[in-house]
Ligand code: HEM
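Only one chain is given next, in structure tokens, and it is the form predicted alone.
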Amino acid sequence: MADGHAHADAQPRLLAPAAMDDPYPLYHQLRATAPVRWDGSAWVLTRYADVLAVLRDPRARAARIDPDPTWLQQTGLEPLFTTHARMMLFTDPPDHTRLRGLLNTAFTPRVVEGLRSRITALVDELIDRIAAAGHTDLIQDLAYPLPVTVITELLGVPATMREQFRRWSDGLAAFIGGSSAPEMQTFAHAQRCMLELSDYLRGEIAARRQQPRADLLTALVQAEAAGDRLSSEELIANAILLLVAGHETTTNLIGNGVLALLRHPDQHRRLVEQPELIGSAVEELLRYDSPVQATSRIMADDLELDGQRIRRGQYVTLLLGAANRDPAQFPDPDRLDITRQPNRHLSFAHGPHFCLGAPLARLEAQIAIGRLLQRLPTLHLATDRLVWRDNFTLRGLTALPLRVA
């Protein structure tokens, strides 16, 4: 997940409907004409080498949610911004190191591999329904329910709460991802969602203190009980982060990935015929149409890039989606090639903030897309008129109508 704080209203062209539908021509244009560009409120980077350099640079700080306190008081939005500032995504060492260390245990390769049979069973159950109907909105019927079920089960949240979680999560995602809706409206709605979700989690946390269970929420409660490792506020903020990040991006990865394959029949056919390519296929789908298009940093010190001086305190918007289509790094970058090697895409970012949930997202996408193609190889698009979500950073479809031939 990334954040819209630095670029919510900074780049009107990036938020224009044409760019929401297909941002890649604009990325190529920016990369060719002004790869390090000041847009009035942030530096916008589009080249792979520059984006990677900033992600690795200790001067580029992730703790970038710092609105003016007077403005916060006037708008009453203090709870929203304070909670976000406590999320691991928006912290630097030593806080980031401590929080990541606590959350890391839930996403080790061994733990994730242990979820394989559950994920496969879920995917097969969802595909059974699609097969029986003969048509589907893939977002509604597979891409959304799979990751939301997995992350809520991991945290120990009941199935009955899933629809409510979707509403809360959508509201928070619009704030984090930058939408074209009026900013204050987005902020106010996000704060309502955040307060309701926090209240719900407080109740769940209290229940885990009384009666621990074998779930991630209990593990976080126990880390909090161990003293200075996790405060109550950090516990709630990072549980929210896991819930939102744990499904928004994977939903988009599955949706964007299946669409890319259907639009490239040769690659689709190849993957149907060679299912063992699913690992490298998912990496290429991540690169080709990344579920997270951007992230941002704030500079703790001056930095020189491409003859431009980025000053201390200035924001930098890193266009991950543009870096992933940089011809200097990826030959023929607009071509989908499920066997592409090497493929060092930046869809999960890089460095200390490399996506914690990457192993889980990869596994979910490999199983979901792999099983879908094996079981329903004749799936095809039911329409050419697709609608992308109004979210610049978290790129995904509102629906993906498909038919089984």
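We number the residues from 1 along the sequence you see. Note that the structure is a prediction, hence the values are computed from the model and not measured.
Another form exists, predicted together with the ligand; not displayed. Remarks below refer to it.
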property: Non-hydrogen atom contact G370 with the ligand in the model of the complex at 4.5 angstroms; result: no
property: L271 within 4.5 Å of the ligand in the model of the complex, heavy atoms; result: no
property: The ligand contact at G321 in the model of the complex, heavy atom, 4.5 Å; result: no
property: Partner contact for F107 in the model of the complex: the ligand, 4.5 angstroms, heavy atom; result: yes
property: Every residue of L241, T250 and A349 near the ligand in the model of the complex, heavy atom within 4.5 Å; result: yes
property: Interface residue in the model of the complex among N256, T83, T295, T136, criterion: non-hydrogen atom within 4.5 angstroms of the ligand; result: T295
property: Of V54, V44, I338, L360, the one that lies within 4.5 Å of the ligand in the model of the complex (heavy atoms); result: L360
property: The ligand in the model of the complex: contacting segment from 126-134, 199-207, 284-292, 162-170, heavy atom within 4.5 Å; result: 284-292
property: Sequence-ordered residues of 96-115 touching the ligand in the model of the complex, heavy atom within 4.5 Å; result: H96, R100, F107
